[in-house]
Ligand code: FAD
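In structure tokens, the next block holds one chain alone, the form predicted on its own.
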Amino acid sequence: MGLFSSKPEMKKGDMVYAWTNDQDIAKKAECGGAVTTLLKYALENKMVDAVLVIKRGQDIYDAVPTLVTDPKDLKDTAGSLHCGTVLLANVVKKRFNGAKTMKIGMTVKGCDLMALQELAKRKEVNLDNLLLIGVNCGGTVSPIMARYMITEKYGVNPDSVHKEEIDKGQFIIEYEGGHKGISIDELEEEGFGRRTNCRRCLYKVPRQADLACGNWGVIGEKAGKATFVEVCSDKGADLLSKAVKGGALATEAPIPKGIEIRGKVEGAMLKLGEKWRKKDFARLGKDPWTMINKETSRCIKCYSCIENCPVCFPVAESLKKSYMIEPGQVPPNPMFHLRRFAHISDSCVNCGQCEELCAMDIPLALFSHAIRAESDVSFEPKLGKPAYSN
């Protein structure tokens, strides 16, 4: 028998409410603890060699990628960190040799999943060795923005905040002395809120993972106490079936109204993404290269945008040796960025790492994403609708 059996009791397309039977995980979990429990079960039963998770560091603004090999340590990773902007796909590639020699279980957002797929196309990641549990994602907030937003908009010392969450369209904080929530729409209309690439994203439920999990659609008595799990592959069905049979998880059929609500929430998030996409792309105007040339004139040629992009890394050396780009020239001539944009024009996953980590605050994600979106429109009639949209 291989890593996963070929005849799972559950099947692709099944949906359930699931919650943990592990009391330690239940104490720290936000919506039933199913994700942490599934990863723990996989690790305990040698389905994976290790689990890659995001763990809270010094505070809620410090998201630390952590490889866990002892199942009992996973309870400390339960819950989510919306102020963490790490792209785990890059961590798998750079720190763990693309999972080529070990089996890794991990949670993935939409951008993580798309990046892993692009890396797999380039033979940088072995998807067969990855067990992917997708989590519904409404977006993340830059740690710097989060601290500024909490100070200026909430009137709260960011160091006193011990928990944050995005729920029912609000960004909610809990701090010493109280809690406060403000509408995401209100925050973002005033220039706060989620990263710009997250606002434009149209991939909210990562159905190309093995399981897609979240709290959208959990209503009734299980609201806040269970995870909505959608089975997306035989590998995911096998894991879920075994975890339930082994007593790690309890499940029940979702309430039909909950399935409907889940679809409406996803639809609302997609409409919001379309709104921001139109608004942001409109900033480029009829002559986008004027804005691009102006903004990139601040470039100090540090190569951070290339080295942190999950699809652009192969072009780094060619740019350093290019006959059309003068060595040591800062800012570089426009060809530096034109070649980079051309290289990722059909494969940008809108992860935002280029912009997030740019030393000069150049809106690189906007440019790359607009070019990718334009490419999708040009080729979609010939290739059909893309498997995912970012």
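Residue indices: 1-based, along the sequence shown. This is a predicted model, so every value here is computed, not measured.
Omitted from view is the form predicted in complex with this ligand, to which the following refers.
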Do all of Met47, Thr69 and Asn129 end up near this ligand in the predicted bound form, with near meaning a heavy atom within 4.5 Å?
no
Testing 207-215, 93-101, 147-155, 236-244 against this ligand in the predicted bound form with a 4.5 Å heavy atom criterion leaves exactly one stretch, namely 207-215
State the residue from Ile292, Cys232, Leu119, Ala78 whose non-hydrogen atoms include one within 4.5 Å of this ligand in the predicted bound form.
Ala78
Between the options Gly193, Pro254, Gly84, Pro310, which residue brings a heavy atom to within 4.5 Å of this ligand in the predicted bound form?
Gly84
Quick check on Ile54: any heavy atom within 4.5 Å of this ligand in the predicted bound form?
yes
Can you work out whether Leu43 and this ligand are in contact in the predicted bound form, taking contact to mean some heavy atom pair no more than 4.5 Å apart?
no
Using a 4.5 angstroms cut-off on non-hydrogen atoms, would Val135 count as touching this ligand in the predicted bound form?
yes
Give a yes/no on whether Val35 approaches this ligand to within 4.5 Å in the predicted bound form, heavy atoms considered.
yes
Could you list which residues of 15-32 come within 4.5 Å of this ligand in the predicted bound form, counting heavy atoms only?
Ala29, Glu30, Cys31, Gly32
